[in-house]
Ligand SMILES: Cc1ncc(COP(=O)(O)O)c(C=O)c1O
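Quick setup: one chain, the form predicted on its own, written in structure tokens, and binding and motion questions come after.
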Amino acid sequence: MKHWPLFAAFPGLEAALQPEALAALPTPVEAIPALGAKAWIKRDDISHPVYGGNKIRKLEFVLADIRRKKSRHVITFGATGTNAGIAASMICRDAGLPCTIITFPQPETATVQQNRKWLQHFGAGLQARSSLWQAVLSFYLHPGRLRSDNYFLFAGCSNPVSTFGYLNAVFELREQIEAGLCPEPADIVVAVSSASTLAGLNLGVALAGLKSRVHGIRVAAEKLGPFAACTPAVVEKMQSDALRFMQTQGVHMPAFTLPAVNMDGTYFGSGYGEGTEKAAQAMRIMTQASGLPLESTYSGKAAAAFLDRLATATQPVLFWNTFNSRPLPQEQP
């Protein structure tokens, strides 16, 4: 199977995007027999041999953009246990680029504590702020914006080019379906925060000709202060930007109908990073059934939605696992 099957479908994109092969692709798609014959999982938790998760797919395209712009320093923001910050700092370290992460507090959990160790391991430059809004202001009003060689990367490693990481992922899934590795799912369930993963999946199923319905489980607030952050409109804009880019490259696209963005906020709970009983229960069930660790901020809430949908499903349901399952490397003495 190809690393970037998207380019086999739309060859005009490769020269324009020129992503760097960072991920271990394709990631496996597996049945979960303990949950019944209709339960499937896409293993983006092992998307990289050191640190997996959904951000690595995005960073293949983001790093190429960083190099095109000749940037020398990446500046982003996220919570104190940011998964995106870990992935970005790992890729930046490997590329010889400093990575600064402006952080905001989130509820203290074992995962957050472990993630801080990951950030330290990859040498992330952390700048703590007292609230999400303070971190957002620091990001947008950063004095480094006066320098052209700084690259400002939105939270979640999401920006206009990152959507193509999950467009490619859908074509990867289509190859796996065609190879008989899994059935075509009627439903795909995925956590959504910074929105480009959902945008790529939703647009991807349309362009790939799949009939799957993508369910984005909202795990972040709809707004950052007065600005829309995790809403269907944000996802729609990302989809439109990706389509517009494809059109500017002269890419011929088949006739397709873009499905409505399906975003479910009922599993969010009382705030970002705040655990819910449904998520905790889903984490226990999924770990027992699959052996994979989940966490309470993103994947646990998406897993709760997956289990609820699976309970009444008459066709296959796919849980797209976005949380890293690789262990923290042991530090050398």
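So that there is no doubt, residue numbering starts at 1 and follows the sequence shown. Bear in mind that the values here come from a model prediction, so they are computed numbers and not experimental data.
Quick note: we don't show the form predicted together with the ligand, though the next part is all about it.
Enquirer: Go through N168, S89, T76, T197 and name the one with a heavy atom inside 4.5 Å of the ligand in the predicted complex.
Expert: The residue in contact is T197.
Enquirer: Could you confirm whether T163 comes within 4.5 Å of the ligand in the predicted complex, counting heavy atoms only?
Expert: It does not: once the ligand is placed as it appears in the predicted complex, T163 has no heavy atom within 4.5 Å of it.
Enquirer: Within a 4.5 Å heavy atom cut-off, is Y298 in contact with the ligand in the predicted complex?
Expert: Contact check for Y298: yes, within 4.5 Å of the ligand in the predicted complex.
Enquirer: Please tell me whether any heavy atom belonging to S158 falls inside 4.5 Å of a heavy atom of the ligand, as the geometry stands in the predicted complex.
Expert: Although the ligand is absent here, S158 would touch it in the predicted complex, with heavy atoms inside 4.5 Å.
Enquirer: With the partner left out of view, is L203 within 4.5 angstroms of the ligand in the predicted complex by any non-hydrogen atom?
Expert: Because no heavy atom of L203 falls inside 4.5 Å of the ligand in the predicted complex, the answer is no.
Enquirer: Pick from 138 to 146, 243 to 251, 174 to 182, 189 to 197: which stretch has non-hydrogen atoms within 4.5 Å of the ligand in the predicted complex?
Expert: Comparing against the ligand in the predicted complex, the contact stretch is 189 to 197.
Enquirer: Within 4.5 Å of the ligand in the predicted complex, which residues of 74 to 97 have a heavy atom? Give them in sequence order, or say none.
Expert: Sequence-ordered list has one entry, N83.
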